[in-house]
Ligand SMILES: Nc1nc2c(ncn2[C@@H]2O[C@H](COP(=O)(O)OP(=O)(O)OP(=O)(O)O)[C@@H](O)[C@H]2O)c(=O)[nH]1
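Here you get one chain, nothing else, as C-alpha cells; it is the form predicted on its own.
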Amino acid sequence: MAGLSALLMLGCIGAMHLVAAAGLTDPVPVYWWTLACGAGITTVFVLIRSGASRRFADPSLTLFQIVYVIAGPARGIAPPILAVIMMFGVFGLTPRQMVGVALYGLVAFGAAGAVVQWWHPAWLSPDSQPPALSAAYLVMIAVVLASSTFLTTRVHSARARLRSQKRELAAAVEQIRELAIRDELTGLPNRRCMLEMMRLEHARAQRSRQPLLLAQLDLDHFKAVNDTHGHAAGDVALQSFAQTVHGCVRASDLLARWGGEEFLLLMANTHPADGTRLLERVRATVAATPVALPGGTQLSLTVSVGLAELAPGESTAALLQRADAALYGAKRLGRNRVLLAH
C-alpha cells in the first residue's frame, strides 16, 4: 500500500510539472512542493521498510500519507486526485479520522485558494482566475471530499461487519470442531478423537520402539444404576467417574469416552508395570469416591480395567481387541480389578 501511495504521489508530481511546463503556474512553488513530497515519500519508505513504524498506532502511516494537498492556479486537477487519495483511508483509518482528513483537506485547499486569489487578484492580473471559478473549485473539492468520505466510511463499516462475521464464523467452526471430537456429557475426547489419537500414537510407537499401553475401563453393574436411580443419575455418575479418573492420570495420558459406560486410556511411552500401578490407583480412587446423586443419595462405583501393551507389528484394532479381552477377564474374576493382557 505504501508503494502504491508512492506511485500515486509520483503521478501527482508529474502532473504538476506538466502544468508548470505549460506555464499555467509558477514552477518555483512546484519545485518546493516536489521536494516536500519526495521527502515525505522517502520518510514513509524508511519508516516502514526498517520496521520502525510498527511501534505506531498506524503502522502503515496512512494518515500521514493522506494529508498532501495540491493547490495553485492549476488546482482544478485536484478533485480527481483527492478522490483517489481519500480511498486509501478505507484501509487504515477510522470513520472519525476520515472526517478529520476531509475537513483538513477542505480547510487547506480553501486557504491555498484564498492565498492565490489574494496574491494574484483578478483586478491586478488580467490572466488571473475569476473569484467565481475559484469558488466553484472549492465547491467541487467539498463535494469530492464529502462523497469520498461517505463512500469510504460505508466501506469501513462493511469491512467491520465482515470482520465480525469472520470472528463469529471462526468461533462457530471451533465449536463444531469441539463437538466433533468431544463427548457432550463428560467433556472428554470422544470415540472419533480417540481413534485418530490411537492411529498417531501407534505410528509413533512403531517408529520409536517406545512402549504404548491401551486400557479399557468399564463401570461395574452400571445398568443397575440406570434401572434403580434413572438415567439422569447415570449421567451424573458418568460425569463424576470421568472427573475422578482424569484427576488420577498424567497430563500425557489420553482419556476418552468410548461409548456408554466404557472408557479408553491411552498411555504413550509407559511400561506395563508403571501403567498397572497407575490404573490400580485409578481403581482404588473410584471405589473410595462416592457419587452424590440429586436428592442426597450416595452411590458407590467400582471399575474393571483391561490393559494391553502394543506388540511389534500389531495393529491398533488387535491391541484394542486384547484390551477388551482383558477387561472381560477382569469381570470374570470378580470385577473391581485391573488385568494385564498377555
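Treat the numbers as computed from the prediction; the structure is a model and nothing was measured. Heads up: residue numbers just count along the shown sequence, starting at 1.
The same protein also exists as the form predicted together with this ligand; that form is not shown, yet it is the one meant from here on.
- In the predicted complex, every residue of the candidate spot (Gly234, Glu261 and Arg335) has a heavy atom lying within 4.5 Å of this ligand.
- In the predicted complex, this ligand sits beyond 4.5 Å of every heavy atom of His17.
- Proximity of Thr153 to this ligand in the predicted complex: non-hydrogen atoms within 4.5 Å are absent; the residue sits far from the partner.
- Shown alone here, Ala102 lies farther than 4.5 Å from this ligand in the predicted complex, counting heavy atoms only.
- Though the partner is left out of this view, Asn226 does reach within 4.5 Å of this ligand in the predicted complex, counting heavy atoms only.
- Residues of just one listed stretch (218 to 226, 158 to 166, 242 to 250, 188 to 196) have heavy atoms within 4.5 Å of this ligand in the predicted complex: 218 to 226.
- Residue in contact with this ligand in the predicted complex (any heavy atom within 4.5 Å), chosen from Leu238, Leu212, Ala256, Leu145: Leu238.
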